[in-house]
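Coming up is one lone chain in structure tokens, specifically the form predicted on its own.
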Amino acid sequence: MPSERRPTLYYIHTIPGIEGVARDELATLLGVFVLEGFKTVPDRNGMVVFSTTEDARRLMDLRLAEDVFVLLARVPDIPWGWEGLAVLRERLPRALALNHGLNVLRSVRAIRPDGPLTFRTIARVAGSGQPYRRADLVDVVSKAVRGRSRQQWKSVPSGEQVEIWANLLGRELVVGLRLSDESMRHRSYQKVHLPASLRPSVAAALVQLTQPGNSDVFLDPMCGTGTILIERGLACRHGLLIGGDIDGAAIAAAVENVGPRHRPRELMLWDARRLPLADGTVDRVASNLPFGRQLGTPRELPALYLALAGELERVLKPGGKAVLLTSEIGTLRDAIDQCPRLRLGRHYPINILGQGATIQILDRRH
């Protein structure tokens, strides 16, 4: 009787604040999945640590992850300061599972076999200020990798074959080997970019939180370059995708990005305060709302949000759901309070490239 596969430890990077939503995606994608915990690098990324016996190639289908790593080592109880670096010099070489990590990487993508394997170390430090520099941590980790590989892995400043990420999170070091490439963070469908374009992983989170169904009429009333619409089209089948924007350049970009896929769909130039849609015809809504820095005149926001909320209340079917992203959550909630058939649901504070925002879920009352 064949032996069962041993679970492998992984972690993913997410936008800070959507770790729980990403965990739900992992649970849906993977047949066997054990959550090991959440970590955070403040203002940079969240981390979801998990184990699974599933093929690592399945992880490349994740939509909410910014990057995927196979976990090489976890070193707990590290003292603060220079003593901590000394402890890492002693303990890390024995903890590194380099061969296993490399085998997992090779199951995902080809690695050139000629010559020594080249790697670059990237370090992140979270917690109270350490007396040493990140470069000192990079040096310790790089030497540990070279020693563990018996000098078969060569550290280089650029042009590396693999990336080693060292995350010092308080008193614990988490070391991973990056499995994903740039296409996970920057989707290949993004042909045209405009300022304030939404990160695809956040767009995917908004879509997932709408709980999409195969026959939904799905609306993004302020669709920009179309990222949310594309992520909805990729999530599952749909009845109709509808997107619109007041900016002609944004609609032109959305048409280019969406291309001939994800039909049936409609992209229109409109003012979201006056949607050309019949009452009660939309099942799900997701949108990245404009806010002060984008508009340039924050005083316009209360009137804009109130008009949009009124239109969502009108076009959503009873039991419909909207998921909205904004940095002006108070203004949005004030608008929703004036729409008796809309009900505030769960919210998720997130951080996008250092800027705070909130994902707010709304339900249309029956």
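None of these values were measured; they are calculated from a predicted model. From 1 onward, residues are counted along the sequence shown.
Same protein, other form: the form predicted together with a small molecule, not shown, and the subject of what follows.
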Though the small molecule is not shown, can you say which of Leu179, Leu289, Leu88, Leu98 has a heavy atom within 4.5 Å of it in the model of the complex? Leu289
Please identify the residue among Leu168, Leu209, Ile242, Ala272 with any heavy atom within 4.5 Å of the small molecule in the model of the complex. Ala272
Any chance Ser197, Gly224 and Ile246 all have a heavy atom within 4.5 Å of the small molecule in the model of the complex? yes
For the small molecule in the model of the complex, the stretch among 120-128, 264-272, 146-154, 209-217 with residues bearing a heavy atom within 4.5 Å is 264-272
Flag Leu26 as yes or no: does it have a non-hydrogen atom within 4.5 angstroms of any non-hydrogen atom of the small molecule in the model of the complex? no
Would you please decide whether Leu92 lies within 4.5 angstroms of the small molecule in the model of the complex, comparing each non-hydrogen atom pair? no
Hey, in the model of the complex, does Ala250 get a heavy atom within 4.5 angstroms of the small molecule? yes
Is there a heavy atom of Ala309 no more than 4.5 Å from a heavy atom of the small molecule in the model of the complex? no
